Structures are given as C-alpha cells and as structure tokens.
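For reference, the chain that follows is the form predicted on its own, supplied as structure tokens.
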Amino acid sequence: MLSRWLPRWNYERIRSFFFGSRTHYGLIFLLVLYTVLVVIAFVYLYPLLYMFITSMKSPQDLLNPMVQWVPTQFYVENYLKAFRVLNYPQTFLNSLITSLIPSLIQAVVCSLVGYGLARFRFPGKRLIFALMLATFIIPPQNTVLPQMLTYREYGLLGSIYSLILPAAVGQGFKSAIFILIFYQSFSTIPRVLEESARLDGASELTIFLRIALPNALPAYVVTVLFSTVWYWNETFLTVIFLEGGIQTLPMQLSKFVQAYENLYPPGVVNIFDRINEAVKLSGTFLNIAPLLVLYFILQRWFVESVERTGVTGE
C-alpha cells in the first residue's frame, strides 16, 4: 500500500534504509545485531564490573543498602589489605615463572612435534596420534597419581622442574591441543616450498626455521597465550607437584581467608579491618588483573591468530 502513495524511487530508498540491500545492511538488522552484541557483552562483563565496583566500596558503603553501583568514595584500602595478604610481589613473580617459562618451552616443543607429524611419514604415526589424543581425552585426575610417584622418584616434587620437564617432552598442560594446532598450521604449507628449498640445498632445520616457522606465528601466539592462562589458573596439579614449595597467586587466593585472619586476627583489630566481601573481591581482581592486561596488550594479535588457526575454545 505504501508504494502506491510514494514515488518509486522514494519507496526504494526507504525500503533500502530500513531493510537493507545487496550492498549494505538495513537499520532494523543493525539495531537487532547491536542489541544482541550489547546483551552478550553485558553478560560477560557484568561479573567483572560487579567485582571491581564492590572491591572499591568502603565498609560504610557495604552496609548501606542505598549504595549499589556508585561508591561514595574512592576506597583503595581493600586493595592494600589484599596486596599484603597475598604477598603480591613474591606470589606474582612465582606465578609468572610457573606459567610463562613452561608455556614458552611447550610452544617450542609442540611446534616441533606438530611439524614432524604434519610433514613426515614414518611407521607408527597413527599410533602416536592416538596416544597423543588419549593424553587429552583422559582426565588428568586419573593420571596424577602415577605422575606424582614418578616425580617423587626422580626428586622433582616441590620444584619448578616438575612443570618444566613435562613441558619439555611434550607432556605439559593440554599439550595435545597445541600439537594439533601446529599440525593443522603446518599442514597448510604447500610442499612446493619445501621441495624448492631442498633443491637449493637447504637442510630440514633450515626449512623449518625459514619456511615453516614464519607461517606458524599465529599458532605460536595462540599456544603461548592459552598455555600461559591455563598454567596460571591451574591449582589442582600445581598444589600436588609443587607441594607448597612455591606459592602462586591462585594458590594463595585459595587460602585467602586463612591468611587474612593470620594477618588481621579476630579480637585484635577493629571491625573495619575484619574480612568482608570487598576485600575478597579485591584479592580476586588482583589475581586476574595480569591476565586482563596481557589480553588487552595482545588483543589484536590474539584475535587474528585465533581466526587463522581455527581455534574456537572449549
């Protein structure tokens, strides 16, 4: 009916503006799209916003039901208390060592294994693939006991080497995933490049360093970032393998209440120094802050690498 009262060209322009055309999206589609994106973003960001805002509340704000999203003052005492309870400088350094070093070693080793599986043919290749996948399918809780006994026999328990040595032989945390990532990345390289390099006299090591490695940089970025996050957040295996000899931030956070009461014993401090929800969330935010900073710095490279390697998470 509208087309009868409007000129043809005005009707097409209005229709294209609201419903889109072959060359651009319409207003209705964009409104629906951005509404969905805003809702999804809010679902993901709400816990972080709640954690940060609550951690900035003073004891008076926590007791005041009128204070919800906007604290009455910029209160940083919660972070100072959490900083002391977590022994942040030492535990942060320990977390950095126990997550970054094994991740870098794991990326190098997994790339070598993935390259060998992708570019060479040898007997038992399918069996190695099956055993590698079994290390990912079988839950680590089922294999932690023989691992612990083996590490104890070789004197590795309570040492950083209990994390480094498994990563150095391709048995780090979820190494099978990273081997498959490199396998997929190296499989896409045309064999013509390798054959041309061999005709020019290049060795296998030269081919890997000059041809394969530059094409696998996105896989390296994904591997290092994912591995670092998983090593950082892992507490079950690190508590068993490190035996308390090295305290990381997640390990210290799991004992936050006990450590806080040891530092601020009940009956000695006043009510404002007692543990509350804001102090706990301050400690939690300090724990995840390094990972957030790492992601914001490497966000562009991380997104591009995920798109090129085909990783969608789990």
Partner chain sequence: MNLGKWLRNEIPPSVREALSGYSFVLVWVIGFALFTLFPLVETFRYSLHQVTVTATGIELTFVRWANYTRALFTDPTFVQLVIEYALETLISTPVVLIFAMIIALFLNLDFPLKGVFRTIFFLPVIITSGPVIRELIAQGVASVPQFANLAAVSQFLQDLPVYLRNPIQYLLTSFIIIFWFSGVQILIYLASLQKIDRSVYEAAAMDGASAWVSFWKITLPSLSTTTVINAVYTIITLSHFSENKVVRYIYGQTYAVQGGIGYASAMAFVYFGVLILLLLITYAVLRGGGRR
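Numbering follows the first chain given and starts at 1. Definition used throughout: the rigid core is the maximal C-alpha set that superposes within 1.5 Å between two forms. All of these numbers come straight from a predicted model, not from anything done at the bench.
Although it is not shown, the form predicted in complex with the partner chain is what the next lines describe.
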Exercise for the section: Could you tell me which of 230-238, 90-98, 216-224, 70-78 sits within 4.5 Å of the partner chain in the predicted bound form, going by non-hydrogen atoms? Expected result: 230-238
Practice task
Sort through Ile28, Leu63, Val36, Leu263 and report the residue having a heavy atom within 4.5 Å of the partner chain in the predicted bound form.
Solution key: Val36
Problem - Partner contact for Pro47 in the predicted bound form: the partner chain, 4.5 angstroms, heavy atom - result: yes
Practice task
Mark Pro59 yes when one of its heavy atoms lies within 4.5 Å of a heavy atom of the partner chain in the predicted bound form, and no otherwise.
Solution key: no
Practice task
May I ask you to check whether Ser55 falls inside a 4.5 Å heavy atom distance of the partner chain in the predicted bound form?
Solution key: no
Handout entry: Partner proximity in the predicted bound form: Ile137 to the partner chain, non-hydrogen atom cutoff 4.5 Å
Key = yes
Exercise for the section: Pull the contact list for 136-158: residues with a heavy atom within 4.5 Å of the partner chain in the predicted bound form, in sequence order. Expected result: Phe136, Ile137, Ile138, Pro139, Pro140, Gln141, Asn142, Thr143, Leu145, Pro146, Gln147, Met148, Leu149, Tyr151, Arg152
Problem - Residue shift check between the shown form and the other one, rigid core fit, Tyr161 Cα at least 2 Å - result: no
Exercise for the section: Examine Val144 after superposing the rigid core and state whether its CA is displaced by 2 Å or more between the shown form and the other one. Expected result: no
Exercise for the section: For Ala197, state whether the C-alpha moves by 2 Å or more between the shown form and the other one after rigid core superposition. Expected result: yes
